[in-house]
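In the form predicted on its own, a lone chain appears below as structure tokens.
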Amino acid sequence: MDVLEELRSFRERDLPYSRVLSSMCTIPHELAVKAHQLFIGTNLGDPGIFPGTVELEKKLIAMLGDLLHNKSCAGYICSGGTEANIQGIRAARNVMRKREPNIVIPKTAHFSFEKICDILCVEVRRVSVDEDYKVDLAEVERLIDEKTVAIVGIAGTTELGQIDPILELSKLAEEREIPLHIDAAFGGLVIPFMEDPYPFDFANEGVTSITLDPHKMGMATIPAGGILFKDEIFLKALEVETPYLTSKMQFTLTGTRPGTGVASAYAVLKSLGFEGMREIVRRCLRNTRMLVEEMAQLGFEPVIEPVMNVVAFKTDKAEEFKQELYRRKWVISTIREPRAIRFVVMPHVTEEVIKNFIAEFRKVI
């Protein structure tokens, strides 16, 4: 067996996306794959060698900034939402310069904030959520003190796809002069393309940084996360000297940084345009409604009416269903509060995929 045959044998053991209803990643767009291949040898960590790739990243950041109501925002393409959240909080911490810093986040925040607590040595204060699973504003205000360096709001929670009251969080952040970081890793490329988009972005004066991942609904190749800042002061707060490279300073977390994410994300957004992205989001939302209707016929009620293309259904048998479906090579996920099975209706989750899943799930129950 030659090495490529060996590699194929391992790859064939992976489950195809057509059996995956739990992932916030998807099959990359065909243009993303071609762009990835074209830029496969690039390294944005040494920008003097790759000036074309650097310029392309600037164009992509401007494009994303335009989408998020700040054409002059600063930022870069990174490994994913975890790195973006680390950098968003690290920048806020460095700008605020408080001893024994803390951040105030919703209980529904992504588990990357556990890593942030450990890596950045900041205290993480978790806030409860209301009956709609949105962060409790009164408790946010109560937990803020003179050592708070950032407030966090979520635009598309991982478990339910819910959006926190960003408008009110922004006003609070302005009043208290505290940076507001928005984790829109998933929702950042969904909400702007919805019929009545919630204003979660830089349209709010208090929002200072936003996480958004093109390798999720942007259909770029992995890795292609993103961190965007209101202005360059936050990037400057991240800089370290790089004496032996072609640049004097570096503001990224990782040193070596592939240009593939930049190229693949740019290719998809440039090719489809905002209108093309809007059609893809429409299709995902339509298929989400179809899934809700099919599950209702089987007696399952959603935890909340889906805000975007993420939906969870209440059941005391969540783990049992998950395990049995995985045995049958179908992948869903579960959430703990309340006990429920969770689905993410990505572009690869077509009507046919949903019908095939429902037929299998009917056998399981």
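The structure presented is a predicted model; accordingly, all values stated were derived computationally and were not measured. Don't overthink the numbering: it's just position in the shown sequence, from 1.
One more form of this protein should be noted, the form predicted in complex with a small molecule, which is absent from this view; the next part is about it.
Although the partner is absent from this view, Ser23 contacts the small molecule in the predicted bound form, with a non-hydrogen atom inside 4.5 angstroms. Within 4.5 Å of some heavy atom of the small molecule in the predicted bound form lies at least one heavy atom of Ala185. The small molecule in the predicted bound form is not approached by Arg257, whose heavy atoms all lie more than 4.5 angstroms from it. Using a 4.5 angstroms limit between non-hydrogen atoms, Phe111 touches the small molecule in the predicted bound form. Remark: of stretches 78-86, 170-178, 231-239, 287-295, the one touching the small molecule in the predicted bound form is 78-86 (heavy atom within 4.5 Å).
Interface residue among Thr158, Thr252, Asn102, Asn204 relative to the small molecule in the predicted bound form, by the heavy atom within 4.5 Å criterion: Thr158.
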